[in-house]
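One chain comes next, on its own, written as C-alpha coordinates: the form predicted alone.
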(Lines give C-alpha, C1' and ligand atoms only; values in the text may rest on other atoms or scores of the structure.)
Protein backbone atom coordinates (compact mmCIF):
# COMPACT_ATOMS: atom_id res chain seq x y z
CA UNK A 1 0.00 0.00 0.00
CA UNK A 2 1.28 3.43 -0.96
CA UNK A 3 0.59 6.86 0.50
CA UNK A 4 1.31 10.47 -0.44
CA UNK A 5 1.36 13.14 2.27
CA UNK A 6 1.21 16.80 1.20
CA UNK A 7 1.88 19.47 3.82
CA UNK A 8 0.84 23.11 3.52
CA UNK A 9 1.73 25.91 5.89
CA UNK A 10 3.81 26.29 9.00
CA UNK A 11 6.62 24.44 10.77
CA UNK A 12 4.11 23.02 13.24
CA UNK A 13 2.23 21.33 10.41
CA UNK A 14 5.46 19.96 8.98
CA UNK A 15 6.27 18.38 12.33
CA UNK A 16 2.74 16.93 12.59
CA UNK A 17 3.31 15.38 9.16
CA UNK A 18 6.41 13.64 10.48
CA UNK A 19 4.15 11.92 13.02
CA UNK A 20 1.52 11.01 10.40
CA UNK A 21 4.16 9.53 8.11
CA UNK A 22 5.59 7.60 11.07
CA UNK A 23 2.16 6.08 11.78
CA UNK A 24 1.63 5.08 8.16
CA UNK A 25 5.03 3.46 7.80
CA UNK A 26 4.68 1.70 11.16
CA UNK A 27 1.56 0.08 9.66
CA UNK A 28 3.51 -0.99 6.57
CA UNK A 29 2.66 1.82 4.14
CA UNK A 30 5.26 3.10 1.67
CA UNK A 31 5.61 6.73 0.47
CA UNK A 32 4.98 7.46 -3.20
CA UNK A 33 3.94 10.18 -5.63
CA UNK A 34 0.37 11.48 -5.52
CA UNK A 35 -0.43 9.84 -8.86
CA UNK A 36 0.55 6.36 -7.66
CA UNK A 37 -0.78 6.55 -4.11
CA UNK A 38 -3.69 4.53 -2.72
CA UNK A 39 -4.12 7.08 0.06
CA UNK A 40 -3.53 10.83 -0.30
CA UNK A 41 -3.37 12.96 2.83
CA UNK A 42 -3.44 16.77 2.94
CA UNK A 43 -2.15 18.29 6.17
CA UNK A 44 -3.06 21.94 5.88
CA UNK A 45 -2.54 25.12 7.89
CA UNK A 46 -5.40 27.65 8.17
CA UNK A 47 -3.49 30.68 9.40
CA UNK A 48 -3.25 31.98 5.82
CA UNK A 49 -5.97 31.61 3.20
CA UNK A 50 -3.29 30.88 0.61
CA UNK A 51 -2.50 27.48 2.15
CA UNK A 52 -6.16 26.47 2.13
CA UNK A 53 -6.59 27.56 -1.49
CA UNK A 54 -3.66 25.37 -2.56
CA UNK A 55 -5.18 22.43 -0.68
CA UNK A 56 -8.58 23.01 -2.28
CA UNK A 57 -6.97 23.06 -5.71
CA UNK A 58 -5.38 19.66 -5.09
CA UNK A 59 -8.66 18.35 -3.65
CA UNK A 60 -10.37 19.29 -6.91
CA UNK A 61 -7.85 17.22 -8.88
CA UNK A 62 -8.23 14.30 -6.48
CA UNK A 63 -12.02 14.50 -6.73
CA UNK A 64 -11.82 14.09 -10.51
CA UNK A 65 -9.35 11.22 -10.16
CA UNK A 66 -11.60 9.43 -7.70
CA UNK A 67 -14.39 9.30 -10.27
CA UNK A 68 -12.30 6.86 -12.28
CA UNK A 69 -10.49 5.34 -9.29
CA UNK A 70 -13.09 4.86 -6.50
CA UNK A 71 -10.63 2.90 -4.35
CA UNK A 72 -8.55 6.05 -3.77
CA UNK A 73 -8.76 7.26 -0.16
CA UNK A 74 -8.43 10.96 0.72
CA UNK A 75 -7.82 12.60 4.10
CA UNK A 76 -7.79 16.25 5.14
CA UNK A 77 -5.89 16.87 8.36
CA UNK A 78 -4.51 19.75 10.38
CA UNK A 79 -5.99 23.17 10.98
CA UNK A 80 -8.09 23.07 7.81
CA UNK A 81 -9.48 19.72 8.92
CA UNK A 82 -10.61 21.35 12.17
CA UNK A 83 -11.81 24.72 10.85
CA UNK A 84 -13.87 23.38 7.95
CA UNK A 85 -14.77 19.98 9.40
CA UNK A 86 -18.54 20.30 8.86
CA UNK A 87 -18.07 21.29 5.23
CA UNK A 88 -15.49 18.58 4.53
CA UNK A 89 -17.51 15.79 6.14
CA UNK A 90 -20.32 16.49 3.64
CA UNK A 91 -17.98 15.83 0.71
CA UNK A 92 -18.34 12.18 -0.23
CA UNK A 93 -14.87 11.93 -1.76
CA UNK A 94 -13.17 12.69 1.58
CA UNK A 95 -12.73 9.58 3.72
CA UNK A 96 -11.09 11.02 6.82
CA UNK A 97 -11.02 14.41 8.54
CA UNK A 98 -9.00 15.19 11.66
CA UNK A 99 -7.91 18.43 13.33
CA UNK A 100 -4.52 18.90 14.99
CA UNK A 101 -6.00 18.10 18.39
CA UNK A 102 -7.18 14.68 17.14
CA UNK A 103 -3.96 13.47 15.52
CA UNK A 104 -3.45 10.91 18.30
CA UNK A 105 -6.62 9.24 16.95
CA UNK A 106 -4.99 8.69 13.56
CA UNK A 107 -3.69 5.12 14.24
CA UNK A 108 -7.19 3.94 15.22
CA UNK A 109 -8.82 5.73 12.30
CA UNK A 110 -6.24 4.25 9.92
CA UNK A 111 -6.97 0.76 11.25
CA UNK A 112 -10.69 1.42 10.79
CA UNK A 113 -10.09 2.56 7.21
CA UNK A 114 -8.24 -0.69 6.53
CA UNK A 115 -11.25 -2.67 7.73
CA UNK A 116 -13.74 -0.61 5.70
CA UNK A 117 -11.68 -0.88 2.50
CA UNK A 118 -10.62 -4.48 3.16
CA UNK A 119 -7.03 -3.40 2.72
CA UNK A 120 -4.34 -5.82 3.93
CA UNK A 121 -2.98 -4.87 7.33
CA UNK A 122 0.69 -5.95 7.49
CA UNK A 123 1.02 -4.75 11.09
CA UNK A 124 -1.96 -5.14 13.43
CA UNK A 125 -0.41 -3.23 16.33
CA UNK A 126 2.91 -1.39 15.80
CA UNK A 127 5.36 -1.87 18.65
CA UNK A 128 6.31 1.82 18.42
CA UNK A 129 5.41 4.76 16.22
CA UNK A 130 8.53 6.83 15.50
CA UNK A 131 8.50 10.16 13.74
CA UNK A 132 9.47 9.79 10.10
CA UNK A 133 11.69 12.84 10.20
CA UNK A 134 12.61 14.67 7.05
CA UNK A 135 16.19 14.37 5.89
CA UNK A 136 18.61 16.93 7.21
CA UNK A 137 20.41 17.81 10.40
CA UNK A 138 17.55 19.39 12.38
CA UNK A 139 14.83 17.53 14.29
CA UNK A 140 11.71 19.41 15.34
CA UNK A 141 10.32 18.74 18.82
CA UNK A 142 7.09 20.24 20.16
CA UNK A 143 7.38 21.72 23.64
CA UNK A 144 4.00 23.47 23.75
CA UNK A 145 0.74 22.70 22.00
CA UNK A 146 -2.06 25.17 21.29
CA UNK A 147 -2.14 28.87 22.06
CA UNK A 148 -3.69 31.20 24.65
CA UNK A 149 -2.82 34.52 23.00
CA UNK A 150 -5.99 35.08 20.93
CA UNK A 151 -4.49 37.70 18.65
CA UNK A 152 -7.38 39.31 16.80
CA UNK A 153 -6.33 38.09 13.34
CA UNK A 154 -5.24 34.56 14.24
CA UNK A 155 -7.21 31.33 13.99
CA UNK A 156 -4.65 29.13 15.80
CA UNK A 157 -6.36 29.03 19.25
CA UNK A 158 -9.61 28.03 17.51
CA UNK A 159 -8.09 25.09 15.64
CA UNK A 160 -5.22 23.96 17.89
CA UNK A 161 -6.91 24.58 21.23
CA UNK A 162 -5.71 26.04 24.49
CA UNK A 163 -2.06 26.03 25.39
CA UNK A 164 -0.41 23.09 27.12
CA UNK A 165 3.25 22.36 27.83
CA UNK A 166 4.73 18.92 27.30
CA UNK A 167 6.39 17.48 30.44
CA UNK A 168 10.13 18.22 30.50
CA UNK A 169 11.06 14.54 30.81
CA UNK A 170 8.98 13.79 27.70
CA UNK A 171 10.68 16.59 25.75
CA UNK A 172 14.10 15.44 26.94
CA UNK A 173 13.39 11.85 25.91
CA UNK A 174 12.33 12.88 22.40
CA UNK A 175 15.37 15.14 21.98
CA UNK A 176 17.64 12.27 23.09
CA UNK A 177 15.98 9.95 20.56
CA UNK A 178 16.52 12.50 17.78
CA UNK A 179 20.18 12.95 18.70
CA UNK A 180 20.67 9.16 18.80
CA UNK A 181 19.23 9.01 15.27
CA UNK A 182 21.93 11.39 14.04
CA UNK A 183 20.33 14.82 14.36
CA UNK A 184 22.88 17.23 15.88
CA UNK A 185 20.39 20.12 16.04
CA UNK A 186 16.89 20.34 17.53
CA UNK A 187 14.22 22.96 16.93
CA UNK A 188 11.95 23.40 19.96
CA UNK A 189 8.53 24.29 18.60
CA UNK A 190 5.53 26.08 20.05
CA UNK A 191 3.12 28.82 19.11
CA UNK A 192 4.71 30.64 22.05
CA UNK A 193 7.77 28.88 23.44
CA UNK A 194 8.22 31.65 26.01
CA UNK A 195 5.16 30.47 27.90
CA UNK A 196 6.57 26.98 28.39
CA UNK A 197 6.02 25.50 31.85
CA UNK A 198 3.42 27.93 33.13
CA UNK A 199 1.39 24.96 34.40
CA UNK A 200 4.09 23.94 36.86
CA UNK A 201 5.91 25.76 39.61
CA UNK A 202 9.57 26.39 38.89
CA UNK A 203 9.54 25.57 35.17
CA UNK A 204 10.03 27.90 32.23
CA UNK A 205 11.83 27.91 28.88
CA UNK A 206 15.14 28.86 30.48
CA UNK A 207 15.08 25.85 32.79
CA UNK A 208 14.14 23.53 29.92
CA UNK A 209 17.11 24.83 27.90
CA UNK A 210 19.37 24.23 30.90
CA UNK A 211 18.03 20.66 31.15
CA UNK A 212 18.73 19.87 27.48
CA UNK A 213 22.02 21.73 27.08
CA UNK A 214 24.42 19.11 28.58
CA UNK A 215 23.06 16.27 26.40
CA UNK A 216 25.94 14.47 24.63
CA UNK A 217 25.79 14.69 20.85
CA UNK A 218 23.48 17.69 20.87
CA UNK A 219 25.29 20.48 19.03
CA UNK A 220 22.66 23.20 18.67
CA UNK A 221 19.27 24.17 20.10
CA UNK A 222 16.88 26.47 18.23
CA UNK A 223 13.46 27.75 19.31
CA UNK A 224 10.41 28.90 17.34
CA UNK A 225 8.32 31.02 17.99
CA UNK A 226 8.85 33.62 20.71
CA UNK A 227 6.12 36.07 21.70
CA UNK A 228 7.64 39.51 22.49
CA UNK A 229 5.09 40.00 25.26
CA UNK A 230 6.38 36.96 27.17
CA UNK A 231 10.12 37.26 26.52
CA UNK A 232 11.72 38.17 29.89
CA UNK A 233 15.09 39.94 29.86
CA UNK A 234 16.30 37.29 32.30
CA UNK A 235 16.00 34.74 29.48
CA UNK A 236 18.53 36.74 27.46
CA UNK A 237 21.06 36.27 30.26
CA UNK A 238 20.22 32.57 30.64
CA UNK A 239 20.83 31.99 26.92
CA UNK A 240 24.16 33.80 27.17
CA UNK A 241 25.33 31.03 29.54
CA UNK A 242 24.21 28.26 27.13
CA UNK A 243 26.46 28.26 24.04
CA UNK A 244 24.48 25.51 22.31
CA UNK A 245 21.41 27.77 22.15
CA UNK A 246 21.47 29.62 18.85
CA UNK A 247 21.74 33.40 18.70
CA UNK A 248 18.67 33.69 16.52
CA UNK A 249 15.60 35.41 17.94
CA UNK A 250 12.37 35.28 15.97
CA UNK A 251 10.18 38.03 17.42
CA UNK A 252 6.93 38.51 15.46
CA UNK A 253 6.16 42.23 15.43
CA UNK A 254 3.06 42.28 13.17
CA UNK A 255 2.83 46.10 13.31
CA UNK A 256 4.91 49.06 14.41
CA UNK A 257 1.81 51.04 15.41
CA UNK A 258 0.79 51.09 19.06
CA UNK A 259 -2.81 51.63 17.98
CA UNK A 260 -2.79 48.48 15.86
CA UNK A 261 -0.84 46.44 18.39
CA UNK A 262 -3.59 47.13 20.88
CA UNK A 263 -6.30 46.31 18.33
CA UNK A 264 -4.49 43.08 17.48
CA UNK A 265 -4.33 42.13 21.19
CA UNK A 266 -0.56 41.70 21.01
CA UNK A 267 0.10 42.80 24.59
CA UNK A 268 3.17 45.03 24.07
CA UNK A 269 4.02 48.47 22.73
CA UNK A 270 6.60 49.47 20.13
CA UNK A 271 8.75 50.90 22.94
CA UNK A 272 8.72 47.58 24.79
CA UNK A 273 9.56 45.74 21.58
CA UNK A 274 12.49 48.04 20.84
CA UNK A 275 13.77 47.63 24.41
CA UNK A 276 13.81 43.85 23.96
CA UNK A 277 15.68 44.19 20.66
CA UNK A 278 18.22 46.49 22.28
CA UNK A 279 18.77 44.07 25.18
CA UNK A 280 19.37 41.17 22.79
CA UNK A 281 21.77 43.07 20.54
CA UNK A 282 23.69 44.45 23.50
CA UNK A 283 24.23 40.95 24.89
CA UNK A 284 24.65 39.23 21.50
CA UNK A 285 26.27 41.63 19.00
CA UNK A 286 26.17 38.99 16.23
CA UNK A 287 22.64 37.77 16.92
CA UNK A 288 20.04 37.83 14.18
CA UNK A 289 16.56 39.13 14.85
CA UNK A 290 13.78 38.09 12.49
CA UNK A 291 10.09 38.90 12.49
CA UNK A 292 6.61 38.57 11.00
CA UNK A 293 4.68 41.57 9.69
CA UNK A 294 1.08 42.01 8.54
CA UNK A 295 0.20 44.57 5.86
CA UNK A 296 -3.35 45.79 5.39
CA UNK A 297 -4.96 44.92 8.72
CA UNK A 298 -8.54 46.27 8.49
CA UNK A 299 -7.86 49.25 10.79
CA UNK A 300 -4.47 50.12 9.30
CA UNK A 301 -4.24 53.72 8.16
CA UNK A 302 -1.31 55.36 6.38
CA UNK A 303 0.08 56.65 9.69
CA UNK A 304 0.05 53.13 11.13
CA UNK A 305 1.86 51.80 8.08
CA UNK A 306 4.49 54.54 8.34
CA UNK A 307 5.01 53.61 12.01
CA UNK A 308 5.82 50.07 10.87
CA UNK A 309 8.16 51.28 8.16
CA UNK A 310 9.94 53.57 10.62
CA UNK A 311 10.34 50.78 13.20
CA UNK A 312 11.85 48.57 10.50
CA UNK A 313 14.41 51.30 9.87
CA UNK A 314 15.28 51.30 13.57
CA UNK A 315 15.57 47.54 14.01
CA UNK A 316 16.91 46.53 10.57
CA UNK A 317 15.74 42.94 10.71
CA UNK A 318 17.93 40.13 9.41
CA UNK A 319 14.87 38.50 7.88
CA UNK A 320 11.14 39.09 7.86
CA UNK A 321 8.02 37.27 6.72
CA UNK A 322 5.83 40.07 5.37
CA UNK A 323 2.31 39.09 4.33
CA UNK A 324 -0.93 40.86 3.50
CA UNK A 325 -3.83 40.50 5.91
CA UNK A 326 -6.04 37.49 5.31
CA UNK A 327 -9.51 37.48 6.98
CA UNK A 328 -10.07 34.28 8.96
CA UNK A 329 -13.62 33.34 10.03
CA UNK A 330 -14.05 33.07 13.78
CA UNK A 331 -11.34 35.58 14.70
CA UNK A 332 -12.07 38.86 16.48
CA UNK A 333 -10.99 40.85 13.42
CA UNK A 334 -13.17 38.95 10.94
CA UNK A 335 -16.28 41.20 11.42
CA UNK A 336 -14.12 44.17 10.38
CA UNK A 337 -14.05 42.80 6.85
CA UNK A 338 -11.19 43.47 4.46
CA UNK A 339 -11.68 47.15 3.55
CA UNK A 340 -8.18 48.07 2.32
CA UNK A 341 -7.99 47.72 -1.49
CA UNK A 342 -5.65 45.08 -2.90
CA UNK A 343 -3.72 47.74 -4.80
CA UNK A 344 -3.02 49.67 -1.60
CA UNK A 345 -2.00 46.49 0.19
CA UNK A 346 0.37 45.71 -2.68
CA UNK A 347 1.92 49.20 -2.48
CA UNK A 348 2.56 48.89 1.26
CA UNK A 349 3.88 45.37 0.88
CA UNK A 350 6.28 46.49 -1.84
CA UNK A 351 7.65 49.34 0.28
CA UNK A 352 8.24 47.07 3.27
CA UNK A 353 9.88 44.41 1.12
CA UNK A 354 12.15 46.98 -0.51
CA UNK A 355 13.25 48.37 2.85
CA UNK A 356 13.71 44.89 4.26
CA UNK A 357 15.96 43.78 1.41
CA UNK A 358 18.21 46.79 1.98
CA UNK A 359 18.44 46.06 5.71
CA UNK A 360 19.11 42.34 5.21
CA UNK A 361 21.87 43.07 2.72
CA UNK A 362 23.51 45.57 5.09
CA UNK A 363 23.36 43.07 7.96
CA UNK A 364 24.98 40.37 5.82
CA UNK A 365 27.61 42.67 4.32
CA UNK A 366 28.82 43.42 7.84
CA UNK A 367 29.94 39.78 8.03
CA UNK A 368 32.23 39.91 4.98
CA UNK A 369 35.76 39.05 6.10
CA UNK A 370 34.47 37.47 9.33
CA UNK A 371 34.66 33.78 10.21
CA UNK A 372 31.34 32.13 11.07
CA UNK A 373 30.55 28.69 12.45
CA UNK A 374 28.33 26.70 10.09
CA UNK A 375 26.45 23.46 10.67
CA UNK A 376 26.71 21.71 7.29
CA UNK A 377 23.34 20.50 6.00
CA UNK A 378 23.57 19.36 2.37
CA UNK A 379 25.05 19.86 -1.07
CA UNK A 380 23.07 22.50 -2.91
CA UNK A 381 21.86 20.89 -6.15
CA UNK A 382 21.90 24.15 -8.12
CA UNK A 383 25.32 25.55 -7.24
CA UNK A 384 27.07 22.30 -6.35
CA UNK A 385 28.40 23.97 -3.19
CA UNK A 386 27.84 22.77 0.32
CA UNK A 387 25.15 24.56 2.30
CA UNK A 388 24.65 25.17 5.99
CA UNK A 389 23.48 27.72 8.53
CA UNK A 390 25.15 29.74 11.20
CA UNK A 391 23.83 29.80 14.74
CA UNK A 392 22.19 33.10 13.79
CA UNK A 393 20.34 31.29 10.97
CA UNK A 394 22.33 32.78 8.09
CA UNK A 395 22.43 30.61 4.97
CA UNK A 396 26.04 29.98 3.90
CA UNK A 397 27.36 28.37 0.70
CA UNK A 398 30.95 27.14 0.31
CA UNK A 399 33.02 24.54 -1.55
CA UNK A 400 33.32 21.33 0.43
CA UNK A 401 32.66 17.62 0.87
CA UNK A 402 29.47 15.73 1.59
CA UNK A 403 31.33 13.93 4.37
CA UNK A 404 31.05 17.19 6.30
CA UNK A 405 27.24 16.99 6.57
CA UNK A 406 26.19 17.15 10.22
CA UNK A 407 29.46 18.71 11.39
CA UNK A 408 30.48 22.24 12.31
CA UNK A 409 32.86 24.12 9.99
CA UNK A 410 34.51 27.50 10.30
CA UNK A 411 33.77 29.46 7.12
CA UNK A 412 35.33 32.78 6.16
CA UNK A 413 32.71 34.98 4.50
CA UNK A 414 33.88 36.39 1.16
CA UNK A 415 30.72 37.88 -0.34
CA UNK A 416 27.20 38.62 0.87
CA UNK A 417 23.77 38.85 -0.70
CA UNK A 418 20.55 39.83 1.05
CA UNK A 419 19.53 36.25 1.85
CA UNK A 420 22.82 34.32 1.88
CA UNK A 421 26.57 34.35 2.40
CA UNK A 422 29.34 32.85 0.26
CA UNK A 423 32.67 31.79 1.73
CA UNK A 424 35.46 29.23 2.07
CA UNK A 425 36.27 26.77 4.85
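Positions refer to the first chain, counted from 1. Keep in mind that this is a model prediction, so the values were computed, not measured.
Absent from the display: the form predicted in complex with a small molecule. The rest refers to it.
| said: Can you tell me if residue 47 lies within 4.5 angstroms of the small molecule in the predicted bound form, counting non-hydrogen atoms only? | reply: Residue-level check for residue 47: yes, a contact with the small molecule.
| field | Contact flag, residue 325 vs the small molecule in the predicted bound form, heavy atom cut 4.5 Å | value | Answer yes; at least one heavy atom of residue 325 falls within 4.5 Å of the small molecule in the predicted bound form.
| Does the 4.5 Å heavy atom contact test between residue 76 and the small molecule in the predicted bound form come out positive? | No.
| query | Can residue 191 be called a contact residue for the small molecule in the predicted bound form at 4.5 Å between heavy atoms? | reply | Because a heavy atom of residue 191 falls inside 4.5 Å of the small molecule in the predicted bound form, the answer is yes.
| request: Quick one: find which of 206-214, 317-325, 276-284, 302-310 has residues within 4.5 Å of the small molecule in the predicted bound form by heavy atom distance. | output: Careful reading of the contacts points to 317-325.
| Among 156, 98, 139, 246, which has any heavy atom within 4.5 Å of the small molecule in the predicted bound form? | Selected option: 156.
| So which of 225, 172, 290, 238 gets a non-hydrogen atom within 4.5 Å of the small molecule in the predicted bound form? | Comparing distances to the small molecule in the predicted bound form, the residue within 4.5 Å is 225.
| query | Is every one of 254, 266 and 294 within 4.5 Å of the small molecule in the predicted bound form, counting heavy atoms? | reply | Contact check passed for all of 254, 266 and 294.
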